[in-house]
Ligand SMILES: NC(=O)c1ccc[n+]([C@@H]2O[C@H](COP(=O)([O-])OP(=O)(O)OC[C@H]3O[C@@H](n4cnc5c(N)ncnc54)[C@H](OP(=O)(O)O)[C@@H]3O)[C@@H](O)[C@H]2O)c1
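Here's a solo chain for you in structure tokens, the form predicted on its own.
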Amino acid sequence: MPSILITGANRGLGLEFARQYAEDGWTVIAAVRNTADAAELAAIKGNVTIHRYNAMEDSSADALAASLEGQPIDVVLMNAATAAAKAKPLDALTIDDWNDALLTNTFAPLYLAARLRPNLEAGEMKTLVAVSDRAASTSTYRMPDEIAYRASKAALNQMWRNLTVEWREWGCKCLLLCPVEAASTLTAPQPLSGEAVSGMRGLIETATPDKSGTFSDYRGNTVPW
């Protein structure tokens, strides 16, 4: 069966991804910041292994990659993120807020992806996925504040576009997915995580090379940015 590595796998979308993939027989490599805080994840039945991964520690990414050396991975799903400074207005933002958002949401996924490249190259699906956000859109997003968060997600999208060019030669598909409908309004009800994850899984498993570098919502609609 195919294999997937999921960061931020102990809660929210990451936990739901782990649950659904495990139920379908996939090998799930679940990466979490605190392994002691992963009771729900540990209770999932199936081929699930739990690894420590702190996005703010380069050494943690190095250790994770080292523990997986020589192991083919079909899909790497970068889900871990922070929204700690999401609601802060401009005059309240600090350099720590910026560093936290940009290091966690932009640099950390790129850093880990670079170290897992041999695993992806050895896998059959060769698919690298980042869970992005409508906040990355510079043309349509209308929420106030969320300044550092928006910048970090827009930068994440650009980094994935860069990887689309850098890694095209060996067939890597670099997908950007959004768990919210592109056309939804700010007051529209959001999908349940199960529905959103199921939709994103379908896009991951049917992705073709021409989808590399694209930004889609969980229904497959293009998110303008």
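For clarity, every value in this text was computed on a predicted model and none was experimentally measured. So that there is no doubt, residue numbering starts at 1 and follows the sequence shown.
What comes next is about the form predicted in complex with the named molecule, which is not displayed.
*Asks:* For the three residues Thr27, Thr127 and Gly202, which mark the spot I'm curious about, does each lie within 4.5 Å of the named molecule in the predicted complex through at least one heavy atom?
*Replies:* Per the other structure, none of Thr27, Thr127 and Gly202 touch the named molecule.
*Asks:* Is there a heavy atom of Thr104 no more than 4.5 Å from a heavy atom of the named molecule in the predicted complex?
*Replies:* Looking in the predicted complex, residue contacts with the named molecule include Thr104, since a heavy atom lies within 4.5 Å.
*Asks:* Given that the named molecule is not shown alongside this chain, does Ile44 nevertheless sit within 4.5 Å of it in the predicted complex, heavy atom to heavy atom?
*Replies:* Close contact is absent here: in the predicted complex, Ile44 is far from the named molecule, nothing within 4.5 Å, heavy atoms only.
*Asks:* Since only the chain is shown here, I'm wondering whether Asn79 would be in contact with the named molecule in the predicted complex (any heavy atom pair within 4.5 Å).
*Replies:* Heavy-atom contact with the named molecule at 4.5 Å: present for Asn79.
*Asks:* Since only the chain is shown here, I'm wondering whether Val131 would be in contact with the named molecule in the predicted complex (any heavy atom pair within 4.5 Å).
*Replies:* The answer is yes: Val131 has a heavy atom within 4.5 Å of the named molecule.
*Asks:* Could you tell me which stretch in 118-126, 67-75, 89-97, 132-140 has residues with non-hydrogen atoms within 4.5 Å of the named molecule in the predicted complex?
*Replies:* So the stretch in question is 132-140.
*Asks:* Check each residue of 46-62 against the named molecule in the predicted complex and list those with a heavy atom within 4.5 Å, in sequence order.
*Replies:* Residues within 4.5 Å: Tyr53, Asn54, Ala55, Met56.
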